[in-house]
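Below, in structure tokens: the form predicted alone, a single chain.
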Amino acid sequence: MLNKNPSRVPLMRFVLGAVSVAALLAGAPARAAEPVQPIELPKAVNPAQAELGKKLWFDPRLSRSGFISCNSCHNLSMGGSDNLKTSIGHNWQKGPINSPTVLNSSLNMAQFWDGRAEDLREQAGGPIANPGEMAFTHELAVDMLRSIPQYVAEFKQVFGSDKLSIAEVTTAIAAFEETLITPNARFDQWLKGDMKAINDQELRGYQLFKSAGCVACHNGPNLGGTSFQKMGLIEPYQTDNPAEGRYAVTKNDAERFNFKVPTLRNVELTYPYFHDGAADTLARAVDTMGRIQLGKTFSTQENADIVAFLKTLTGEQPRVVLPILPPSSDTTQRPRPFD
């Protein structure tokens, strides 16, 4: 069951971690009760929709500048993020918040840090019409696609009708995003019974990750993405970032500074960390989370052990063949990168 109560930390914090190292080493049956489950292969999606969505994902013509694509901020060569503190939008605008990874995002309870999009389809339309991101409109984006004969033909083939609207656009993009799953991390191999998949330090780090209470929020197959939690539960989090989390959506003061718990999958690839991108390294992120969320000060060795564990969560990255995009027609609106 999803924990949507931002004021309540699950009781599992106090009971997880009781399993001894000896019991864990006993084999797969003990691992079946772990609070973390392996990432499975991508669920079945419509392959034609996903292939069309891949074209749209890489097509910068969905932006006013003709320069920014979905992949600009969620670079699939960089863990599905951009490794910037905040992303760069139209006309070199500074983004308001750190760009979360798109990898395994289909496993999240909602999209964006504040959860304002219910699913990937709703999320896909947001950046296109955001003046600080792709700075287009849905109407202009659809007009652009309708002006390209190859796109018109492909949309008709994929969706079985002449209708080409923002709904079909976001459906296709979401179908592609659903394929971006990263299975078979070393930790997944260990969960499935391969005792040699992780070393002693990494196992110590996982044990500490559990006993310290990290798994209260970072659990399940995605190690996160299933609850909103206050940033600064034990002590206030100091930041100059204006984002207010769930409050911006619900206007409920009790949810101010409550953010969606990020996935820890592929976390070594998705620096910098937190909604404001303030932590440049995993070591710094672990130290900060220990203090402000758990009231713990990890020793240098403990910090290193947890970081070692987190690096076992890097899975097989999506193998994406870059699509050849259909050429613009004479009537396709030309890019406007400088206005």
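Residue numbers run from 1 along the displayed sequence. Fair warning: this is a prediction, and the values are worked out from it, not measured in the lab.
Another form, the form predicted together with a further copy of the same chain, is not on view; read the next lines as being about it.
Taken together, P42, F209 and G220 are entirely out of contact with a further copy of the same chain in the predicted complex: none brings a heavy atom within 4.5 Å. Interface residue among S77, T137, Q238, Q157 relative to a further copy of the same chain in the predicted complex, by the heavy atom within 4.5 Å criterion: S77. This chain appears without its partner; in the predicted complex, the one residue of S87, Q229, T226, T101 with a heavy atom within 4.5 Å of a further copy of the same chain is S87.
a further copy of the same chain is not drawn, but in the predicted complex it has a heavy atom within 4.5 Å of F58.
Contact check for S65: a heavy atom falls within 4.5 Å of a further copy of the same chain in the predicted complex. When a further copy of the same chain is considered in the predicted complex, T179 lies well away from it, no heavy atom lying within 4.5 Å. The shortest heavy atom separation between T281 and a further copy of the same chain in the predicted complex is within 4.5 Å. Residues from 250-278 that approach a further copy of the same chain in the predicted complex with a non-hydrogen atom closer than or equal to 4.5 Å are E268, L269, Y271, in the order they occur in the chain.
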